[in-house]
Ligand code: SAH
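Single chain ahead, by itself, as structure tokens, in the form predicted on its own.
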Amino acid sequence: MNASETGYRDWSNLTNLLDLPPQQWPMYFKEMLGVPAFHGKNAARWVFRRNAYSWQDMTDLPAQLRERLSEKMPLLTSTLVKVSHADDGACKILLRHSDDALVEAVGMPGTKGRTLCVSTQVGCAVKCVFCASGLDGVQRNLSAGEILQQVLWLRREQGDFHRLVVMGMGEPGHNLDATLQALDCLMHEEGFQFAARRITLSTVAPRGTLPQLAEWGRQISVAISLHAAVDEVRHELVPGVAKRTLLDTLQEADQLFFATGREYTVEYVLLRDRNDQPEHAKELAKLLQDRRCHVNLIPYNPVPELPFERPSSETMDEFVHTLHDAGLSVTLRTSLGGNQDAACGQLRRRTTSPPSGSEVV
């Protein structure tokens, strides 16, 4: 079933309209609110294309309807707890949901415009040993609307954006239906009208994830987090895929390419003396030979509780050259937001409750 068709069947249980695909808003307004359907279409246009963040912003909706919606169904059900600005222009937000679940998301500057990095879960069950997101495990999945609220909050803080990456807290493959529903809203003509090719979804590829993405068929970019070229090392670094082989994962990735025509990206975090040596580069080059993919090397971003270190610039450059010499397309990512713990691998499930009136830091 198409993710955009998986909205609420019992609309009486709906508590946030962002959990409903925008093309269904007109019918909801007509059947559940008893007003003309065009009000629902107008409301969706206000939210997704006219930068409205509350029902009261929508001046062409009847005042009584705006009051009713504001009372019964707030547009943003999360609270903005803290905004952190890094020296390099990255902006991290901390959101609190009604059950006190805390989620982080990031906006980053780029050469063509801003990129948003959003989360799909509160925490993460994969527990990559070098990543802060899984330190406290996973609390719950985010709904499609809760994923979209990160987009709205970041847009309100920083303005329009050019790209969106699903690379924040959580494993999208463990919450794929809600994630794809949120992405469908981003791309739909009644939603943000965002180009599929400006969206990247990052995943460790749990069983069934890549086949479902192939069936979904959208032209988004898919980044597969490998971090090693042999199963033994990958299973140590990424415990959440201990029952998956690299061959299984890459065969599914190849099928995804055949289904969508989009080359996939292989993500590889470089860890000093763990997976950054010349022999590791040669193993990765051999594994990816003749595959339709691009390699994105990610310098490790330090996490205080974890024992890993970033390799030297010389070591990383040598790794890049080895892959280039083997005929692979490769880039070394520039990390942003590090001085505010907003870089790749630094987002986390914050659980400390602040004293009344203070901020979570």
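The first residue of the shown sequence is 1; numbering continues from there. This one's a predicted model, so the numbers in the text were calculated from it and none came from an experiment.
The same protein also has a form predicted together with S-adenosyl-L-homocysteine, omitted here; what follows describes it.
Residues placing heavy atoms within 4.5 Å of S-adenosyl-L-homocysteine in the predicted bound form fall in a single listed stretch, namely 198 to 206, out of 176 to 184, 198 to 206, 144 to 152, 67 to 75. Interface residue among Glu190, Glu252, Asp276, Glu267, judged by heavy atoms within 4.5 Å of S-adenosyl-L-homocysteine in the predicted bound form: Glu267. Listed residues His227, Arg114, His280, Lys92 were compared with S-adenosyl-L-homocysteine in the predicted bound form; His227 is the one with a heavy atom within 4.5 Å. Within 4.5 Å of any heavy atom of S-adenosyl-L-homocysteine in the predicted bound form lies no heavy atom of Ile220. Although the partner is absent here, Val303 sits close enough that one of its heavy atoms falls within 4.5 Å of S-adenosyl-L-homocysteine in the predicted bound form.
A residue is said to contact a partner when one of its heavy atoms sits within 4.5 Å of a partner heavy atom; Gly168 meets this definition for S-adenosyl-L-homocysteine in the predicted bound form. Not displayed here, S-adenosyl-L-homocysteine is kept clear of Gly107 by more than 4.5 Å at the level of heavy atoms in the predicted bound form.
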